[in-house]
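The data below hold one chain only, encoded as structure tokens and taken in the form predicted on its own.
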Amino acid sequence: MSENKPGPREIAIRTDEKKQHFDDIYVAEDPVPFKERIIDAFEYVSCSFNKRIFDRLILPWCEEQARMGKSLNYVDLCCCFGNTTMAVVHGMEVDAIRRNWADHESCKTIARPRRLPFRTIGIDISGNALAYGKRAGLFDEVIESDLNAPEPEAKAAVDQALQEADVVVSTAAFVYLELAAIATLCDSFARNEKEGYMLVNFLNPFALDSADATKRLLLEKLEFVGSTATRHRRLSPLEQENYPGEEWALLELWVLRRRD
């Protein structure tokens, strides 16, 4: 588990060449650049919709577990600075996240408490983003790993976290992962026989063939629960040039669960 705050460094995020790269934002010391250059600049709205589908299809089960006195293991896969965890665990839509991340002082703590007794784990390639999530109280534990080429110790930690997870979220992140890595992660989650849920996102118009292959893989290993489609964020000028006539990146949200 990575707990120390690393210094700035470059990270090797694998991205569709037609998609905007945000590598420098992902290694910032806190999420303020993410808020200013992504949430504000591109009208990033997907956090609100991730919260809403979670509330519709996963939250009732989580509340039932909590009423029975059970704690819940929650994993944010490719978590970056943890905005999806703010949405799902803390019940914050995008405007609330924007206010919380308004400046370097306000972002130090999370404005709302956790809604349920979640034990939270953040997994990401960016040590700085993970260190922020730990400092701010978003994550109880963190695992720093390049999931496309994990070191043995990190690979074992990720495998254990996913196998023990009750809820896994990976929002707008599969576009960065190779199919073999996604298969390994899904195998880890599916290995446990107890009930558990996964919330994932697919982006349009990026890497559509890869997204289709990922969907087929997920349906082989997990049971489909429900879905919705909405907006993710506006396309950058580079992306609009690469995808003529498109203004918005669209989002397909899926909820799946372990098979009985």
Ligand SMILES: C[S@@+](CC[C@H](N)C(=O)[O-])C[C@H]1O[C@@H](n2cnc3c(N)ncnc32)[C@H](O)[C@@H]1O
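On a predicted model such as this, the values are computed, not experimentally measured, just so you know. In case it trips you up, residue 1 is the first one in the sequence shown, and so on.
What follows is about the form predicted in complex with the named molecule, which we do not show.
Stretch 173 to 181 is the answer when you ask which of 89 to 97, 157 to 165, 173 to 181, 104 to 112 has residues with heavy atoms within 4.5 Å of the named molecule in the predicted bound form. With a 4.5 Å cutoff on heavy atoms, residue 125 counts as touching the named molecule in the predicted bound form. Using a 4.5 angstroms limit between non-hydrogen atoms, residue 54 is distant from the named molecule in the predicted bound form. Taking non-hydrogen atoms only, residue 197 never approaches the named molecule to within 4.5 angstroms in the predicted bound form. Taking the partner from the other structure, the named molecule in the predicted bound form has no heavy atom within 4.5 Å of any heavy atom of residue 121. Checking 78, 131, 186, 116 for any heavy atom within 4.5 Å of the named molecule in the predicted bound form turns up a single hit: 78. Shown here without the named molecule, the chain has 145, 146, 147, 148 in 137 to 157 lying with a heavy atom within 4.5 Å of that partner in the predicted bound form.
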